[in-house]
Ligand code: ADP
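A single chain comes next, written as structure tokens; it is the form predicted on its own.
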Amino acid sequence: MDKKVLNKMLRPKSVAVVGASATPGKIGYSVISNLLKDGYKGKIYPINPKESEILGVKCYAELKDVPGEIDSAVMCVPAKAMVEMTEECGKKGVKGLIVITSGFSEIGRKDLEDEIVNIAKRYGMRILGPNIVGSLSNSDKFNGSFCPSLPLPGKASLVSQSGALLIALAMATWTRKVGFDKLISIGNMADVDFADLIEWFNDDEDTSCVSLYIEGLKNGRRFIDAAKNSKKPIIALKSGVSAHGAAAAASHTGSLAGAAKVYGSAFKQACVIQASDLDNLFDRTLGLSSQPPMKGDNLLVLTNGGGVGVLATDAAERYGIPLKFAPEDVQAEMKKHMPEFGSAKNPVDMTGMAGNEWYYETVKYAISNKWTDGLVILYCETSITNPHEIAESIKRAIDDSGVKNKPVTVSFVGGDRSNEAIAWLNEHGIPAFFAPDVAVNVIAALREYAILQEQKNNIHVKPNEKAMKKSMEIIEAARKDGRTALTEIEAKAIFEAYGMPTTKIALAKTEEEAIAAAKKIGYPIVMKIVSPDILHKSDAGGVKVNIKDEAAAREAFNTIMKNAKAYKADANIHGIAVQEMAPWGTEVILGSINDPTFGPTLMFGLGGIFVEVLKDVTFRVSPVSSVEAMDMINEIKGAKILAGARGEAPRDRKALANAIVNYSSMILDLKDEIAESDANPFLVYAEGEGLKVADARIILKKK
């Protein structure tokens, strides 16, 4: 039903402009003018009680006076009139409101925004905006906005949170020669959000890929689900990625969770391709809207110039698809179309002598042979060739090959003639660019999309009822004490409940209790302060390690107590934890934050005291599958340490991946309770020998 309503809103057969104006320069005038100028064929109903007609179109005093049905209404009235006008739209049977009007949550009037949304829901309407430019559709000749014109027609569609940027991008489509079918301004997202539109685009036959400009998401989990289930590629440019304020978080994880890393990981889970900037958004949109995904790693580069070939080679390695030498039989075939001093290895350098026929024959064979998974074609303008003829040869070779399941990108480097050839190739469905590294970047996006689609999985995790019950008993007891920070002993008990092995530990309130615990656990031991007011124990001098006998244990007990009181005189000290001295292992960290956008979010990286210095960490939104857990392990820069570097035995990565999955389940089950947590260090032993949590921290949500 929602999709039908969105159809009425975004592809209307009839549209009312509420707040239409006869005064040039007013938004209500621009919308009427744009609808007429850009050739909208549906019925237009300007609503203005003071005018009889606007730009030759009959005007109506009120919505109820309109004789026919109204699919969509473009709202241009002041914010103070929106409540009344939304009610009138509902009574008239309007399905979608495109609310250009500003003055809502962006200036602190969320109450007014909520009121119009509640009215719309009561009547079964949907709201786009408020605080937007409007909505545009080339396939419907519908410019329901104050954007000067429709964009250059194309197969992609764009959703932008910034209205001004949408206007700029619409104009840029004509100079960049990157076409779009629909441009939708989403503004405050009071009702319709990115997820709604991603789902709607699934059934839009005029859209082959979806591009997004995102400043923030309101429901990150729903976005991930919608994007993961999209039938079409999605490219996202995320702005506002600074981690300002994160360092104030109490745990290690909180201070490392910058918006950029969390969003980047969420996009990966959602199978969304990221763009680095506006140029990259255009470039990747052009490629993903016109080319199939690259289903293997064998990228072949053809060129008539060694320099651009080297640049492409560097770019291929930089973007994660390093070149491999072509097989001997492939090289032998390509050598037929180059001089003896050419190179057929990869990049295939046909030399500056390459003309139309060499390009035709080499491209046709290169894309047809079984080894090639993707093709980048480079051309440097020469005095003996015509760029347009080279472009035609490339197009003819691709068409004659009959191959449609392998991507091709092109770069022409030269003057005006080369620029014209680039435009011609783009108009004919072959993405072409001014620089070789851009052509490689775009084909890398097509490879990334194929990989994400292959790895895509929908995880359905059942709550661990037994572990939840035990954990809630611990959490409720801490809350009764008025605490939001669990002790290390309490945190480790929860970790154990979720299948994460921890070091043996006991609480000692007196020196004698500490000695008794040490004898039971066995020397050597570690002793630590236990206080909800001292979270970073090392900073307080509250940790002593490798204690080998009773005398050292007594001394450690008294020293730790003295240090803790000096560090924070009013600290609530529960006692001292006596813990087994776990054997050396590779230190990693597992942690979590309860992200305001995505909810329970997991962090993994190299651990120990230097974690905040090195920041070699990666994130995933919970739940995490075993495949994703292994991806997290392989993503960090220190992955080689875990794989076994410089003669060291490989670490138990299988057990570590299992721990990541269990940790992910824990923070999801306890999402209403845990604000932040971490296990640092988490000691990982040699393959088959498992791992142990040496230190644990859980901070509860304030209630």
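Because the structure is predicted, anything quoted here is derived from the model rather than measured. Residues carry their position along the shown sequence, with the first being 1.
Quick note: we don't show the form predicted in complex with ligand ADP, though the next part is all about it.
Listed residues V77, L311, A582, A497 were compared with ligand ADP in the predicted bound form; A582 is the one with a heavy atom within 4.5 Å. Taking a 4.5 Å heavy atom cutoff to ligand ADP in the predicted bound form, the contact residue among C271, A195, V543, L281 is V543. A residue is said to contact a partner when one of its heavy atoms sits within 4.5 Å of a partner heavy atom; K345 fails this definition for ligand ADP in the predicted bound form, lying far away. Heavy atoms of G690 never reach within 4.5 Å of ligand ADP in the predicted bound form, leaving it off the interface. Although the partner is absent from this view, N680 contacts ligand ADP in the predicted bound form, with a non-hydrogen atom inside 4.5 angstroms.
In the predicted bound form, ligand ADP lies farther than 4.5 Å from every heavy atom of K238. Judged by heavy atoms within 4.5 Å of ligand ADP in the predicted bound form, the contact stretch among the candidates 149-157, 337-345, 283-291, 521-529 is 521-529. Using a 4.5 Å cut-off on any heavy atom, the residues of 669-703 that reach ligand ADP in the predicted bound form are, in sequence order, N680, P681, A694, D695, R697.
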